[in-house]
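Shown here is one chain on its own, the form predicted on its own, set out as structure tokens.
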Amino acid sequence: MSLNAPPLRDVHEERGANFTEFGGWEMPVEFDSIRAEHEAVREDVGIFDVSHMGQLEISGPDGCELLDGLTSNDVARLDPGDSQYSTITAEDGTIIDDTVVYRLPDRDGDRVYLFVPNAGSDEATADRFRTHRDEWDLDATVSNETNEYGMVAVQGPEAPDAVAEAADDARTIDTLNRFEATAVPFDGVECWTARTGYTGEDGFELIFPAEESETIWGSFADTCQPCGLGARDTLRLEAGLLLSGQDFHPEENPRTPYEAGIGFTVSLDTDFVGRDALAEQHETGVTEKIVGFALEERGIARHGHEVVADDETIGTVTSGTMSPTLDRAIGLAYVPVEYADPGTEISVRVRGRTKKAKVEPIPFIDTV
């Protein structure tokens, strides 16, 4: 099967990027080195092409009701320019996908929302929304705009200065708080600009017409380190941020928001698919939950490695890496709650050898 190519694919190749398949897209995994790109984001500023992320627009008189019925957070409380992290859940409360929901400026008197499912999930998510719209007899338009938009993330402690310098009006950037967004022109191209990101650092995500991708990327070429998905993974793991399909998977590793440590995305005051199951789990508590851990012996834990305690397998690693910032091996795993307290001694089987590890709080680093 042929892969989708981002609009900047040729630009990245000329810059010397190595590529990987991710969610059906051919994306840059590394430009210079993962460590150099990682350090640039922690200490200065880097830019990621994230045009593989889905872009779905919901509009019409019942658009808010549709989103509220299919996402776990309270969409109705968003004002234009607000955004929120949320999940899309099944009837049993397990996560189908996680997403960021933006409320755009109203159009023709109706609310308009843009939300960003994970790469490769856009069409299935659009189908789910259309099916429920029809079933619930709602007047809402569901539009898959994934191929119409490009998206970049500018991340790092110097990101505010880099974005302000590139913007046509720096004053607009200064007024944006975390999870606020507005339309900002860059080189005359209007971008939906949100103070959000996936690295644990301050930063911004810009969404713009796909045909303007080279213009926007070029606006940051002199100030930002180009970064690939390799650095994005080490950065997000240090920040304790989940990766869809790895830290939860609707078929292979179904997990609820409470088990996955993102119970803050659940508003039980709203009525959504999966709400009743989550209300029951909120009342009774979880039996397993995700934890962070660090190896105390040489080795790197990877996705799928067994977690061991008291000579029994008690869980499975979902993510693991050598942390460039901390210079030690860290990871995420689901374990029974009795093993979840920070400081608990566990072990991980790395290539058949048992390595001592200890549960640690997440995030592993200070984040914004």
Partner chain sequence: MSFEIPADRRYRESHEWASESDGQVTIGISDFAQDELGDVVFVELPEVGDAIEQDENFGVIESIKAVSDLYAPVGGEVTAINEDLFDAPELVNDDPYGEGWMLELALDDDAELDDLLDAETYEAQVA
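These figures come from a predicted structure and were not determined experimentally. Positions refer to the first chain, counted from 1.
Absent from the display: the form predicted together with its partner chain. The rest refers to it.
Each of Ile300, Met322 and Arg353 is positioned with at least one heavy atom within 4.5 Å of its partner chain in the predicted complex.
Contact check for Ile34: a non-hydrogen atom falls within 4.5 Å of its partner chain in the predicted complex. Heavy atoms of Thr234 reach within 4.5 Å of its partner chain in the predicted complex, making it an interface residue. Within this chain, Glu30 lines the site of its partner chain in the predicted complex, having a heavy atom no more than 4.5 Å away. Of the candidate stretches 52-60, 330-338, 311-319, 34-42, only 34-42 has residues with heavy atoms within 4.5 Å of its partner chain in the predicted complex.
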